[in-house]
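Next up: just one chain, as structure tokens, the form predicted alone.
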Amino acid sequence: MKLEEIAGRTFEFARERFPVAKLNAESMLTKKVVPVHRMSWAYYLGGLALFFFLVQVVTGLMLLFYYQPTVSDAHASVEYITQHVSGGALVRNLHAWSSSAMILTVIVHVLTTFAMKAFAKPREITWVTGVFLAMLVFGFGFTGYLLPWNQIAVNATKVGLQSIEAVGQYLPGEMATWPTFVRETIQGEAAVGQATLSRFYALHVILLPFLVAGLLGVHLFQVQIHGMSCGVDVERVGTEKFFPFFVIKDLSVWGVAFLVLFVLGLCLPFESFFAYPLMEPYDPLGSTPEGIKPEWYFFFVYYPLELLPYWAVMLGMTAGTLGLLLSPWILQNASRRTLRAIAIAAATYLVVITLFGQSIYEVLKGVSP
């Protein structure tokens, strides 16, 4: 293929995905419509995920006034916020509950968008940026887990970092050293300590929010230009105006979500619900607690790692991630029925492994030789 042809195709691809001439305030507010069909409820999930992210930002900024990102003071500062700052326990609970709610909403959003084949041309950029945003959301969960600096959080982070380094044994030649370099870069020193906490803190409150802001801008820009897709094999029942009807409904969903979050934050501390007490501060000479687990949203990879060879799980996760990113191209001819079956299978796996992973692990370990 000649260079001129490659350049022409690239320009045509960009022109179709970024038709900026279509973007104007009048079309966004008065002419934009939203498809109405039996899957229309899924259109509120993206906005709901954005709402939970905004709650994370606001409550996170409040927590920054008191949190101390040092190994000597981090745990004490979290205890001080929870027990002595007026409204501190509520803000911290809102931050924790909205974190889980955001991740859950993002997962459901990805699955429903996939099932509707809303990634089809010309929405490839919308889909790819959405998948990367989902990865960043999990990055928030991983980096934020360490910040309270308690015994379980630190030991769980050690396991997570070791799993990164373990990839190297399956890579050839010089590539085998890359995972170790990544782990050392994230960890910052020979053992998990102040450098690790500082880097996780910087990732959590600076780098990841900036990356999310940039990708979210492109994602929302694409949604505004191309509108909301009703996917394939869907009979559109009708349409409704984006403004004011859909916007009012969207904000109503936000209001209900905030009410639920507020009640949970006020009446049900996050740690007590998940049986995660604040626990003692990390002691490098202390014993490793039994039953170390990541947060619930990592169970989908945690339990398979307990039951299957490491290489098999990593191969499956890599294939799944690449499959998601490349869906607009490798599944461009797939029917909605096929995509819906894949989405239902993935959702079933996530629900079963999250709710019953421990029981499955105990049963399979009990029957294994």
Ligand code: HEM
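Predicted, not measured: the structure shown is a model, and the values here were computed from it. When you see a residue number, it is the position in the sequence shown, counting from 1.
FYI, the form predicted together with this ligand isn't displayed, but the following is about it.
At the 4.5 Å threshold, heavy atoms of N93 stay clear of this ligand in the predicted complex, well away from it.
This ligand is not drawn, but in the predicted complex it has no heavy atom within 4.5 Å of G316.
Remark: H109 counts among the residues lining this ligand in the predicted complex, judged by a heavy atom distance of 4.5 Å or less.
Within 4.5 Å of any heavy atom of this ligand in the predicted complex lies no heavy atom of P209. Partner contacts here mean any heavy atom within 4.5 Å of this ligand in the predicted complex, and among 61-69, 306-314, 44-52, 335-343 they occur only in 44-52. Think of it this way: in the predicted complex, this ligand has a heavy atom of just one of M116, V205, A153, V192 within 4.5 Å, and the residue is M116. This chain lacks the partner; the member of I186, V137, V78, L197 within 4.5 angstroms of this ligand in the predicted complex by a non-hydrogen atom is V137. Residues T126, W127, G130, V131, L133, A134, V137 are the members of 126-144 with a non-hydrogen atom no more than 4.5 angstroms from this ligand in the predicted complex.
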